[in-house]
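Okay, here we've got a single chain as structure tokens, the form predicted on its own, with questions on binding and movement later.
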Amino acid sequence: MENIKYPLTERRQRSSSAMRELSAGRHLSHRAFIQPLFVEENLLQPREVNGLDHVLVENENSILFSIEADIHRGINKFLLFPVPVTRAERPSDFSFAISIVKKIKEHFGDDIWLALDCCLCSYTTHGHCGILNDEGTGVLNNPSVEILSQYALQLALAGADCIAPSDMMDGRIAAIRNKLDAFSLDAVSILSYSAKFSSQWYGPFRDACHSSPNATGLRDRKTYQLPVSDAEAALSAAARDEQEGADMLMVKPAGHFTDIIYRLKQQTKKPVVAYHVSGEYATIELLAKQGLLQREQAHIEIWASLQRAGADSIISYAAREARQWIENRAY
């Protein structure tokens, strides 16, 4: 019988950790990660979030210690969600968020990059991301955009490095960019929630921010967030935001929408940011607690898939673990 030899050229590339690193193509780096942070007004002690293990809602003092600890872990980029006490039908008091931004930036300065979520859902009595009409059946686009752009300006003047509008109102990127530029804040960037879907995977986040919609007439956000089945709407929204002046384009959720990340990366030269949202994170944490998967490797696997799809940066609730896990070769 003829002695046939089979060259193991493919398997040799996976034969050791060194070979896997050398042949992996793109490599994960903790420097591309953004850590979400929550801070709540008048909170006496940091509180746990239902479903978000290893994540706390901080108070005005503990937020500084949390950021300090994250810096030591190798993370210096943050997306901050302020949770105020005061709520209104038409919010105008953003003093808590302003004070927190000033406090953080006075303490850390340029050692960190601080993005601020810009939305009204934690400020409105009804939990929606904009101003409702008199009947409570719909969100008014233009009045919402006007308040959002004023809020964005106050955040930027307080020291925010980046504004991250998550409301999904039409035209809000142009309004914010114009407002910032009018006050010579052209160095403040905009991270747009461009492809934000009306998803079931936001539950733990809404517990953290007390931001579930509760209007009698409008019970969900389907009239302004994107339909989960409509890829073209997502790509169109991202193209519009880019044209209006967005510096980075986000896909949210990320893990279930890698097709959108891939297609968006093909149409833009702007950085694409993937937000691995609270419900996606919580799924991994729950399975890990049940011993059904290995926590570190599961998060690494998701991150690698997001990067493989085209994400330039990743927002993850486990971002603070990224350097250790990557350097320990959890993959």
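One rule holds for the numbers: they count along the sequence shown, beginning at 1. This one's a predicted model, so the numbers in the text were calculated from it and none came from an experiment.
Although not depicted, the form predicted in complex with a small molecule is the subject of the following passage.
In the predicted bound form, at least one heavy atom of C121 sits within 4.5 Å of the small molecule. In the predicted bound form, at least one heavy atom of F205 sits within 4.5 Å of a heavy atom of the small molecule. Contact check for K196: a non-hydrogen atom falls within 4.5 Å of the small molecule in the predicted bound form. The closest heavy atom approach of R177 to the small molecule in the predicted bound form falls outside 4.5 Å.
Contact with the small molecule in the predicted bound form, defined as a heavy atom within 4.5 Å, is made by none of S192, F257 and S305.
Checking 235-243, 113-121, 155-163, 67-75 against the small molecule in the predicted bound form, the stretch whose residues place heavy atoms within 4.5 Å of it is 113-121. Only one of the listed residues (V277, L264, I63, A274) places a non-hydrogen atom within 4.5 angstroms of the small molecule in the predicted bound form, and that residue is V277.
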